[in-house]
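Next up is one chain by itself, shown in structure tokens, the form predicted alone.
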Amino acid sequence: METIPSSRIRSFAAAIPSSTSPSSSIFGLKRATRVPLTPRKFLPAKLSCHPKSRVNALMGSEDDRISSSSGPRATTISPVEEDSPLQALQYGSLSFTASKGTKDPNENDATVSIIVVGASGDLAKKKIFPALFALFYEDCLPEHFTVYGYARSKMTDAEFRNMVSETLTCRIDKRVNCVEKMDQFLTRCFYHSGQYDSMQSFVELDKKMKHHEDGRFSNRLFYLSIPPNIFIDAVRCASMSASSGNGWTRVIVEKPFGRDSESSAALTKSLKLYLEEDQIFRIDHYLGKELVENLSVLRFSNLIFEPLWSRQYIRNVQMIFSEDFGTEGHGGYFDNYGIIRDIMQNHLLQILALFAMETPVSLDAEDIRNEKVKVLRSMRPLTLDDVVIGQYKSHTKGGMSFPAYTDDKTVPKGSLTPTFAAAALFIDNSRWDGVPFLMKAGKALHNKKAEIRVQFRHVPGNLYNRNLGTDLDRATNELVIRVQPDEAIYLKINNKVPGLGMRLDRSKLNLHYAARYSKEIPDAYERLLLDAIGGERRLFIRSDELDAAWTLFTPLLKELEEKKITPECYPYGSRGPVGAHYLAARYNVRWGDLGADQ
């Protein structure tokens, strides 16, 4: 082996800043120095959580990520021999040792603390805690993990565990040791009461976490399940008082990410006073849904679909979201945002970007998000002519009376906030030029559904036109991806009815998930939490994605509010305002979810 001259070693040492202490870097990851009363950014160190049976948290580079698309799998880590300082210099891998009293971050010593900020709220109780337990049940969490609830409510650990236990359920196919697993999970749950803007409260939380971390290499995940107006206070206090001293710290931020381009940019700027971009995990739970994640698999791994995925063969694409209930007492929150901000600008637009993007270079998070941003930036700005808005009114059906949106006591009288919206969007690039992407989202409609419908063009010179009848739209092929409920993917084709005559029928090639797969489909929050722990950002929204999305919708939203456009009324439980049908007809399209054979 070549010997490095002593002069080269001395020059390397001289290049190290004199202000750097031996504990200022952990495995090559810079560590900020704690300065009292000075905002300190969270450590940008990264951890890859490898889900396997009783998985341990492992320190590694971003290249150590594993894909969760194929489910948990075991990963073998080969032992690394300890190099001498001279060997480390020669291989370019010299790293400073951990500070005194801190254990090396091997697989037995790393721990993850998951802090749910806003633990007493509905989202935490209905989604976050059940998702964490499901991950624990499936042995997908690290061996050493602890869950902390943080909220203003006064509560003991025992009371908190009792509250969490009432939200937990076991997998349908794994109920044998359910009670035992629940007990094991609850022993790892602790509660801390404090104000979201109190530095002292987060200092006390930090002490509690250090006690349970027991000197191990610590990683911390904060989930902000709180209103957006207190995001920054909570992040500031956590960054200065409760971030990890030797591992990574990440923050999951729930929507809404502002109300328009300006407020979103201000929120991002404020977050970045305390966080690096790769520490911010903007969650859109629709991206974690099984059928949305399967969208790219369906397209890029099946030869029959990828060549058809363009303006040459696709006539229109529909993104449909409907709920069969109204605001039901939560109208005060909803009225500040409306259906466009609540559903269209995030859930449906993210699905559209995934659907329409070009083939990414790889499945790496940045490659996928780069392609999504290109789609969003290629989209034509929305105008009032491209949109129809509505608001549900009271309706009596079957002897039951359903209230209007403005009957909700939490909604201001005379509110013009839309509870329904339909829009026609266009992507001005070579693949999608001229293809209408129709979005429709609403509350208090006739059913609950989320789906993607791809309507293909007519067959040129179709030999069977006489057999198909006059309605050629019914004769075109349609691919339907039903995101929820009752997940399915089916393709509508034309088929000959058995018999001596030549009569054609429309049939479905149907992949019905409940019939095909016996395993219960994981909740979207399970996948997203696991990805956040593992440092996988593919299903989270990057800041430039968010900017592009708001750029598309902000001018429209401002025009609606400044001109005080009155929404078209539609009865509670109906199919929505009539204007939505005229909007589709303008582009020679019929909504696919309204037919008899939908």
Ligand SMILES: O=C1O[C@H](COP(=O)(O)O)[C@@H](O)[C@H](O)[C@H]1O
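None of the values given here were measured: they were computed from a predicted structure. All residue numbers are counted from 1 along the displayed sequence.
There is another form of the same protein, the form predicted together with this ligand; it is not shown, and what comes next is about it.
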Report task. Please classify the binding site as open or blocked after superposing this ligand from its position in the predicted complex; blocked means at least 3 ligand atoms come within 2.4 Å of backbone or C-beta atoms of this form. Result -> open
Query raised in the report: When you measure heavy atoms, are Arg453, Lys508 and Trp591 every one within 4.5 angstroms of this ligand in the predicted complex?
Result: no
Query - Tyr286, heavy atom within 4.5 angstroms of this ligand in the predicted complex - result: yes
Report task. Spell out, yes or no, whether the shortest heavy atom distance between His347 and this ligand in the predicted complex is within 4.5 Å. Result -> yes
**Report entry** Exercise: Ala353 in contact with this ligand in the predicted complex, heavy atom 4.5 Å
**Finding:** no
Query raised in the report: At the 4.5 Å heavy atom threshold, is Arg216 in contact with this ligand in the predicted complex?
Result: no
Query raised in the report: Picking from 278-286, 490-498, 508-516, 264-272, which part of the chain touches this ligand in the predicted complex when contact means heavy atoms within 4.5 Å?
Result: 278-286
Query raised in the report: in the predicted complex, which of the listed residues (Lys255, Arg188, Arg236, His144) lies with a heavy atom within 4.5 Å of this ligand?
Result: Lys255
Query raised in the report: Pick from Phe160, Phe133, Phe222, Phe321: which residue has any heavy atom within 4.5 angstroms of this ligand in the predicted complex?
Result: Phe321
Query raised in the report: What are the residues of 342-377, in order along the chain, with a heavy atom within 4.5 Å of this ligand in the predicted complex?
Result: Asp342, Ile343, His347
